[in-house]
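First comes one chain, alone, set out as structure tokens in the form predicted on its own.
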Amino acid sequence: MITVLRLGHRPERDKRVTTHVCLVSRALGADRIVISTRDDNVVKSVSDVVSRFGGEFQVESGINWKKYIQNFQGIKIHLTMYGIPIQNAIQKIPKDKDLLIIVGSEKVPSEVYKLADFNIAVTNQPHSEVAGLAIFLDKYYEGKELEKKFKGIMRVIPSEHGKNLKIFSREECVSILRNLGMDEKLISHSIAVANLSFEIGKRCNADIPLLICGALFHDIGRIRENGISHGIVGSEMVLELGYPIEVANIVKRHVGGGLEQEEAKKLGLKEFDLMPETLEEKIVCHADNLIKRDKKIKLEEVLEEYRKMGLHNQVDRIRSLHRYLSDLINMDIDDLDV
């Protein structure tokens, strides 16, 4: 675990800089930040970002910095322009112990230098503490922190041109479906699939906002095409709306229990990678099978319908998916109340 200690914060002068120290800590791999001076406004501002953009980052203010450093069980690192150059020290920092990174403001008490296990400089020149913290975390993680995923309701979708910020909320997704002209009965079905997906997903650490968004959009293709290809059509619509490939793949791979390449070819579909792969894809795929109109039904009832159609491969596949997800959440999905 990595904790950042913001030292010497002055609420009347440092609110913006300290907020940026908090945001860099969260975005680049730290787990929590403690601020020596109480500032409820900074705590609220950062907590609001966490609630919208995701993660389990913690922020607390009004900490006795000296006791905190003295009682910390781990490696204590003080970032200061007077320290040893980072390129000469970074390899000496253990990767298997908790870290406390001390980020000072204008004047840092001399005691901090003595209490720290490492006094490290990101260049021995004056510059921003925000930049110093960012470079230290990047060096420590060797760039891997840039791959961290946040499971927030608000998500930036990388774009070469312009801004693309999407809201992964029930309200937003249902509003989009209505604006596109989806039938209310189909919307009710999609909401029921989302509710069952949520009950499964919360028990197995799924990406809940992604899961709900994918579940609500899973039948969006039926607005244009009501046949077997509605999953593919829907995935194209989701991408047109600016949502990421992770949502599109949930939509594309939800039909039946998934379609193997040879099955897709026989059906004349233009894409063949139609087997659910990620946890979220598997959950939505199976939740859709277990929702008839807007009511949950038992697995055996689903399988019997597929048997009557002569789709025995689908029977085996759906049963296997049911068993996999049931084992994952330590209960039979048939017993889930929705």
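Keep in mind it's a predicted model, so treat the numbers as computed, not measured. In this text, residue numbers run from 1 along the sequence as written.
There is also a form predicted in complex with S-adenosylmethionine (SAM); it is not shown, and the following applies to it.
Q: Using 4.5 Å between non-hydrogen atoms, is residue 80 touching S-adenosylmethionine (SAM) in the predicted complex?
A: Yes.
Q: In the predicted complex, does residue 178 come within 4.5 Å of S-adenosylmethionine (SAM), counting heavy atoms only?
A: Judged by the heavy-atom cut-off of 4.5 Å, residue 178 is well away from S-adenosylmethionine (SAM) in the predicted complex.
Q: Any chance residue 104 has a heavy atom within 4.5 Å of S-adenosylmethionine (SAM) in the predicted complex?
A: Result yes; residue 104 sits at the interface with S-adenosylmethionine (SAM) in the predicted complex.
Q: Using heavy atoms and a 4.5 Å limit, would one call residue 121 a contact residue for S-adenosylmethionine (SAM) in the predicted complex?
A: Although S-adenosylmethionine (SAM) is absent here, residue 121 would touch it in the predicted complex, with heavy atoms inside 4.5 Å.
Q: Going by heavy atom distances of 4.5 angstroms or less, which of 125, 205, 91, 159 would be at the interface with S-adenosylmethionine (SAM) in the predicted complex?
A: None of the other options qualify; the answer is 125.
Q: Can you pick the stretch from 68 to 76, 126 to 134, 145 to 153, 180 to 188 whose heavy atoms fall within 4.5 Å of S-adenosylmethionine (SAM) in the predicted complex?
A: That would be stretch 126 to 134.
Q: Heavy atoms within 4.5 Å of S-adenosylmethionine (SAM) in the predicted complex is the criterion; list the residues of 256 to 283 that meet it.
A: The stretch does not touch the partner at all.
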